[in-house]
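To begin, one chain is listed below as structure tokens, in the form predicted on its own.
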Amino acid sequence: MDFKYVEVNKEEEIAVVKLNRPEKLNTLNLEGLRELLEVFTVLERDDTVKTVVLTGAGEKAFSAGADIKKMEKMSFQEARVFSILGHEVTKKIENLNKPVIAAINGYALGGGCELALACDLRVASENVRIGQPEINLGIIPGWGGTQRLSRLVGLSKAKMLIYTGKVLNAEEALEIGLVDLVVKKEELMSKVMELAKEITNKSSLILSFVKKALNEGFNMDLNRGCELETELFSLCFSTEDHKEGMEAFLEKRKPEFKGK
């Protein structure tokens, strides 16, 4: 795939999607969002990809968010289109049929934080600065930040961060659960790829079931969530991978999953 603002590389069964505008701290405009949407749409259909890593080019930023120069003169309708497209991208990432890991280097602000929130897991380098500072620009988060941040860290902490526009360092983000792991700056991609390979060794089909159970069940009441889990648990027993997993356990060997 050949794009202007996004770079995609495959390492075996792992796709590395890189926001590629380092001279602008990987900020996103309409074209960049459209490219991201296309990339994740293609990856959704690519059965050779089992896990996706999302990161930013350069050492300064994962993404500093939306391109403020482009936003400054937006009309009401233009801002609405921009927000809708941002939501399409974050929903596509969140609901992708395979795990997505954010490798967060440097700044992850505003829309950059929202992209990270849409991922399944967030690994941060020790130089990370992350938050939703939109309030300082006279706007609110527009790509899901008010919704996903509160679900991840709790409503009160989300209000504190969004009301004040405070930007957190890596350890502060880890403490409240905004990121899952903090690593040395020079080890970010190696640690993330190590994690991605560990996940990729699981059954891609069963991973899609558990992601569905977690994501959809989280927004249901407990009874409905448990019903969903029961259906997906039962569905596992119609797969070849369930048989392989159990046979491998009983035979004391590593399973060889086929995603079937």
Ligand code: CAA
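Numbers follow the displayed sequence, beginning with 1. Treat the numbers as computed from the prediction; the structure is a model and nothing was measured.
There is another form of this protein, the form predicted in complex with this ligand, and it is not shown here; the text below is about that form.
- Taking the partner from the other structure, this ligand in the predicted bound form has no heavy atom within 4.5 Å of any heavy atom of Ala196.
- Not displayed here, this ligand is kept clear of Asp120 by more than 4.5 Å at the level of heavy atoms in the predicted bound form.
- For Lys24, a non-hydrogen atom is located within 4.5 Å of this ligand in the predicted bound form, even though that partner is not displayed.
- Among residues of the shown chain, Gly142 is one whose heavy atoms approach this ligand to within 4.5 Å in the predicted bound form.
- Contact with this ligand, judged by heavy atoms within 4.5 Å in the predicted bound form, is confined among 103-111, 154-162, 186-194, 90-98 to 103-111.
- Proximity to this ligand in the predicted bound form, defined as a heavy atom within 4.5 Å, singles out one entry of Lys60, Lys202, Lys212, Arg34, which is Lys60.
- Contacts between 51-85 and this ligand, taken as any heavy atom within 4.5 Å in the predicted bound form, involve Lys60, Ala64, Gly65, Ala66, Asp67, Ile68, Lys69, Met71.
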